[in-house]
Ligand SMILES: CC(C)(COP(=O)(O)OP(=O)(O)OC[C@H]1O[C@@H](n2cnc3c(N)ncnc32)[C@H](O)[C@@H]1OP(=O)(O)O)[C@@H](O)C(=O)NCCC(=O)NCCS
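Take a look at this single chain in structure tokens; it is the form predicted alone.
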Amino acid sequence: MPLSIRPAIASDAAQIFRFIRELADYERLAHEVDATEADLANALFGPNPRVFADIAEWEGEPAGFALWFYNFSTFRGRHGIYLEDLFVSPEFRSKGIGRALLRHLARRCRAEGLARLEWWVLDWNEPALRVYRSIGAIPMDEWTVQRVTGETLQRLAEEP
């Protein structure tokens, strides 16, 4: 079988960082990446990891990755998985690798009794949206993402 998916290990940190840089370029967000390879290595493989990654390999070559963490649904009373990043390098696309990574995470959800698998996608990313529609993903249009970061986060934290 040409495709395999495995949990990332510490020696994958450089490859994961390369995938993240490729993803940022694809999403036109490279200017927002200030993480370093060391940051990722510590988050994924440090003493108390709270984020995880799976590596997809095509015929032994790194082809893509999924980076995820557990979240929690108060309404369901159970944890779920939040997929932070899913990326397949361009030369490996159209081989079912992205779908296989999603299936891999769905199986983890089932095996662990988790309530759901969710993620965000940029509204212009039509290739990804097609894949997500094909698996039955439901857009959560009634929800609006909110974010506090940088100086705004600092100001909020310093409020009396």
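Since the model is a prediction, treat every value here as computed from it, not as a measurement. A residue's number is simply how far along the shown sequence it sits, counting from 1.
One more form of this protein exists, namely the form predicted together with the named molecule; it is left out here, but the text below deals with it.
Contact check for residue 36: no non-hydrogen atom falls within 4.5 Å of the named molecule in the predicted bound form. Contact between residue 115 and the named molecule in the predicted bound form is not found at the 4.5 Å heavy atom cutoff.
The named molecule is not shown here, and in the predicted bound form it never comes within 4.5 Å of any heavy atom of residue 49. By the criterion of a heavy atom within 4.5 Å, residue 45 is excluded from the residues contacting the named molecule in the predicted bound form. No member of the trio 71, 76 and 140 reaches the named molecule in the predicted bound form with any non-hydrogen atom inside 4.5 Å.
Checked against the named molecule in the predicted bound form, the candidates 40, 55, 121, 109 yield a single residue with a heavy atom inside 4.5 Å, and that residue is 121.
Shown here without the named molecule, the chain has 125, 128, 130, 131, 132 in 122-140 lying with a heavy atom within 4.5 Å of that partner in the predicted bound form.
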